[in-house]
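Heads up, the chain below is alone and in the form predicted on its own; it's given as structure tokens.
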């Protein structure tokens, strides 16, 4: 039996995502990187040259002035990825879109369009929206509660998948002699009536070469994990210490099997921000430099506040014990907030100490010379912590260091491909093309 191989995705953060507070000051980073389509095209082409599986674009729809630099001024994911699609051929294109603040028909059509534009390389990262302030941008006074958001998300995905099956694969004979462009018997209404949506269909777009866009999800709560196990084909996992990553990986695979699905048909990606240099010592020095570049306490405090509904913790005595403020995150990042509160209580931490600890938490396990980083990636892979890594690099030069130094070692060890297996995202991830539910003999999508 051939050895399983690692999947790699690239997660560009422009002028700086969460925790990358000083990145925008780096002279190697263009101050408009987050809104420069050429930046993304270069990133995508570098990733494709290195045979990565996908480019992943994160998104949210609420900000205030304390948010990460990249979040303050960035392009809408599907618009961005449609442009990138015309400059790439094999790389998967995964965009984030909220099931809470979109309608199923409109979003299904947009992702299906990206799937056609790219020749079958689209993926949808389904989120229910972490930022509670998003509601006020959509005419709502309050963010929906967890149960409602995740119930809506499940139904939303199911409706989208139904719409993507509107046409059977041979619905368009385009037979001039018979004067038949469409076989009407192969076009199907959806007629969905559910708890959250009423959608008639059909969608006015056929299926792409990969059948349907690949569904990704990133939940860590009980509701999020269950949603992932039911419908996701890829997951962006929280990572953390090795044991924690192992436990998450095993839990998702178990839940997937419990829902009657093949656990191999859900690919778990952990976040990875490798620091690669010529030697281990040089890499550790670079890691310390990065820590100092990003060590902005006010930004750490603001990042902490984002886990609690963008709450402004600066109005409190920062040297007082961290209190139980779980109610602030009840409709937002409830699971992450609960972990922060529990750690603060167990270790008797102050507000200041909790904020400062966030910087330490984000440190990568993949630091060193190329051989060292490859060793650690292999160790974590063999320990059952991931199927892939969602890689984030501060600069294009640091991406090159990984591609030129680490990737060849992984290939030599037969841990990573030496050529693309397919032209579609599903094909390269080893995922099946879902059967159209209306095709004779199909058992459902």
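All figures in this text were calculated on a predicted structure; none of them were measured in a lab. Numbering follows the first chain given and starts at 1.
Heads up, the form predicted together with a further copy of the same chain isn't pictured, but that's what we're talking about next.
K.L.:
Only one of 78, 266, 301, 275 gets a heavy atom within 4.5 Å of a further copy of the same chain in the predicted bound form. Which one?
P.N.:
Among 78, 266, 301, 275, a heavy atom within 4.5 Å of a further copy of the same chain in the predicted bound form occurs only for 78.
K.L.:
Go through 351, 308, 366, 167 and name the one with a heavy atom inside 4.5 Å of a further copy of the same chain in the predicted bound form.
P.N.:
Of the candidates 351, 308, 366, 167, 167 is the one lying within 4.5 Å of a further copy of the same chain in the predicted bound form.
K.L.:
Where does a further copy of the same chain sit in the predicted bound form: which of 42-50, 390-398, 59-67, 413-421, heavy atoms within 4.5 Å?
P.N.:
Residues of 59-67 come within 4.5 Å of the partner.
K.L.:
Within a 4.5 Å heavy atom cut-off, is residue 103 in contact with a further copy of the same chain in the predicted bound form?
P.N.:
Yes, residue 103 is a contact residue.
K.L.:
Is there a non-hydrogen atom of residue 315 within 4.5 angstroms of a non-hydrogen atom of a further copy of the same chain in the predicted bound form?
P.N.:
Residue 315: no, not in contact with a further copy of the same chain in the predicted bound form.
K.L.:
With a 4.5 Å heavy atom cut-off, would you call residue 346 a contact of a further copy of the same chain in the predicted bound form?
P.N.:
Residue 346: no, not in contact with a further copy of the same chain in the predicted bound form.
K.L.:
Does at least one non-hydrogen atom of residue 284 fall within 4.5 angstroms of a further copy of the same chain in the predicted bound form?
P.N.:
It does not: once a further copy of the same chain is placed as it appears in the predicted bound form, residue 284 has no heavy atom within 4.5 Å of it.
K.L.:
At 4.5 Å, heavy atom to heavy atom, what parts of 176-193 sit next to a further copy of the same chain in the predicted bound form? List them in sequence order, or say none.
P.N.:
Result: 176, 179, 180, 181, 182, 184, 187.
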